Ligand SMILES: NC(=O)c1ccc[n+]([C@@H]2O[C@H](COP(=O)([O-])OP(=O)(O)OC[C@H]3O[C@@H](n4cnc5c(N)ncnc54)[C@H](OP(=O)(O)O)[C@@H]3O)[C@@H](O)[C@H]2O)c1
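Only one chain is included here, represented as structure tokens and corresponding to the form predicted on its own.
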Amino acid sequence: MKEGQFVGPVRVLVTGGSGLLGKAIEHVVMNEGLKREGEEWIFLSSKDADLVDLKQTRDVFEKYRPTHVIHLAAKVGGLFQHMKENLHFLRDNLRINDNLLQTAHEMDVVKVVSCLSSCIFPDKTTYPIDETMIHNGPPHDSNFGYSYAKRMIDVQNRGYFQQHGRHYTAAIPTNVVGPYDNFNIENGHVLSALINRTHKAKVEGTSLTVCGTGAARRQFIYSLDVGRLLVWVLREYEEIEPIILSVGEEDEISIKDAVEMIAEALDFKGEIKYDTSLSDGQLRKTASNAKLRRYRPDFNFTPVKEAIKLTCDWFLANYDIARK
């Protein structure tokens, strides 16, 4: 934390601590020397508390008495689960976020950094998208419930600042790939599900079928890069307005490109088919990282090919414990 900003022992509570980004933060803090003297880091999982429940949220805050929070916990699923259960994702995530932010306020938490998602941006928009455009139109229909719930964090952050002077803010990573993701073929993130699907096709000696045309384009960012940036946001970023955490627009690739990188990383030599009867989701969500670059002009992102290879290697090495 900046000099003079906070005096006393620092206890950082990370919700969603067992997931993709929680594990990334744990790695960079504990293994890369980002943990500062006198800091205590607590990584919560859903086993410690169900944040949909206000009492459990309060109890876990009473137990750990955090001074700072990185809020990653959310109810999430794959594209097709979101399409089927938009109301469920809306209600659960509204509860989680309201319980978390209000409890943080009541317990005098100095700073909260919540993690939003690039799916919150308007479906019909101009590109690249930047932080000022979040509320400029409806999100994509496929996951409007989750998207609106996440947008409300930004609205609440502004409210907590206006009414109570709280420095609660949010970061918006683009598509994250890395170790400890959910590799479930139906409900995992796009690349992690594809990694599992490709591995399965290789083991079974079958062709690989990819949902959609492969034309959708995404900016993929390595989870450890996001972990490093979230620690920076917690310590140094003082705006209430959110900040996009993303590789540059020039680093955007198609799903087809990503599939080919996965096939190479896993040494899959079989046929790759595209099921064009299935949805591509949003065709592009190109985001600007100009604001991030103003603050961190020298930050080095892990190249996407390397990020995919590192994730594939982790998946193979940890196949028995990976979520799938």
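Here the structure is a predicted model, which means the values were calculated and not measured. The first residue of the sequence shown is number 1, and the count goes up from there.
The following text describes the form predicted together with this ligand, which does not appear among the structures shown.
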| query | finding |
| --- | --- |
| Proximity to this ligand in the model of the complex (heavy atom, within 4.5 Å), stretch among 291 to 299, 260 to 268, 31 to 39, 66 to 74 | 66 to 74 |
| Listed residue that, although this ligand is not shown, lies within 4.5 Å of it in the model of the complex (heavy atoms), from 167, 189, 140, 235 | 189 |
| Selected contact from 195, 229, 113, 176, since only one has a non-hydrogen atom within 4.5 angstroms of this ligand in the model of the complex | 176 |
| Heavy atom of residue 287 within 4.5 Å of this ligand in the model of the complex | no |
| 4.5 angstroms heavy atom contact with this ligand in the model of the complex for residue 20 | yes |
| Residue 49, heavy atom within 4.5 angstroms of this ligand in the model of the complex | yes |
| Residue contact check: residue 99 to this ligand in the model of the complex, 4.5 Å heavy atom | no |
| Residues within 4.5 Å of this ligand in the model of the complex, restricted to 123 to 160 and counted by heavy atom | 146, 150 |
